[in-house]
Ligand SMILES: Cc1cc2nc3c(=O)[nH]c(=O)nc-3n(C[C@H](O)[C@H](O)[C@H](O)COP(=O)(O)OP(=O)(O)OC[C@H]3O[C@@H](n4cnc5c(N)ncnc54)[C@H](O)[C@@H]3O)c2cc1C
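The chain below stands alone and is given as structure tokens, in the form predicted alone.
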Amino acid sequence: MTEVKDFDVLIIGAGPAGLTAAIYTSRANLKVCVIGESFDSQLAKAGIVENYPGFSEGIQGMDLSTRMIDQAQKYGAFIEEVLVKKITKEDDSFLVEAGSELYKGKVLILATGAKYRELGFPGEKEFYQRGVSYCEVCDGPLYRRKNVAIVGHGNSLAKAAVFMSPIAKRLSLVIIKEELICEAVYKDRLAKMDNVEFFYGAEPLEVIGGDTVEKLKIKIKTGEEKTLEISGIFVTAGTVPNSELAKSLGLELTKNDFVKVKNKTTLETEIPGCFVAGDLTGGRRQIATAIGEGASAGISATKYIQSLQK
């Protein structure tokens, strides 16, 4: 029989919310385990982060994530880089099956974050990792001096374009909304780039290729169809919450699949001893707000365990 690893606090998710919760709870002399793939988080894949306080020149998301991991481990938190398969509530404890191990905790903090949103156009799934990507930071350098299309909207598209412009030969921005709504700093930078073409109110129709992407057929605002000769496509349509584990545990979700909380300050759920933090709760979905919620969940988890000891 597999030995059960016993902890005070189990944190599912190794992004900024989960790691912050780990720092707070481990500093309270609790036995803490973070379960999740830290370098697969949105933070680790964010590229240069320019709006996190304290880094006036910006900091790479991977570097910021590594610093958080080091800090959590400094205070005694365990980091398990494994995939969670199942979570159950048994009496007054939570049991987590992850990898080939079983973990038990008095408190559970869900900070599973979000994943990239798919747009669902023909060829998007079929050519995934064969020219279609959701992470320009991860895969952008593969397309050095090649023609690339970026499909999506908002800050996600603008940030990807700013990152890819110095790398790619030519960028085609397929903006699925009538205008590009993004931070002014990105608009200013895009306006200065001479290798970018804009297609507003456009619709991706089909990815064409053999072993890899070769073309993208789109319909532009006028109704005319165009075929772009490209080597890569980056889909940038925001994120959706990773709420499958929360749902399987029996937590109530909103219509957009975020977890409902009983109290926005404590971040407690309807299941006693279970707290949530970060993108899983909706809201602004920023690194700074995820960290704030991680701190709140960590404080709440500590108080909950202290109440059990009275």
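Heads up: residue numbers just count along the shown sequence, starting at 1. If you're wondering where the values come from, they're calculated on a predicted model, not measured in any experiment.
From this point on, the text means the form predicted together with this ligand, which you will not see here.
Per the 4.5 Å heavy atom criterion, this ligand in the model of the complex is contacted by stretch 39 to 47, the sole one of 23 to 31, 251 to 259, 264 to 272, 39 to 47.
The closest heavy atom approach of Ala114 to this ligand in the model of the complex falls within 4.5 Å. In the model of the complex, at least one heavy atom of Val82 sits within 4.5 Å of a heavy atom of this ligand. Using a 4.5 Å cutoff between non-hydrogen atoms, Gly13 counts as a contact of this ligand in the model of the complex. Residue contact with this ligand in the model of the complex: Ile69 places no heavy atom within 4.5 Å of it. Residue Lys159 is the only member of 137 to 169 with a non-hydrogen atom no more than 4.5 angstroms from this ligand in the model of the complex.
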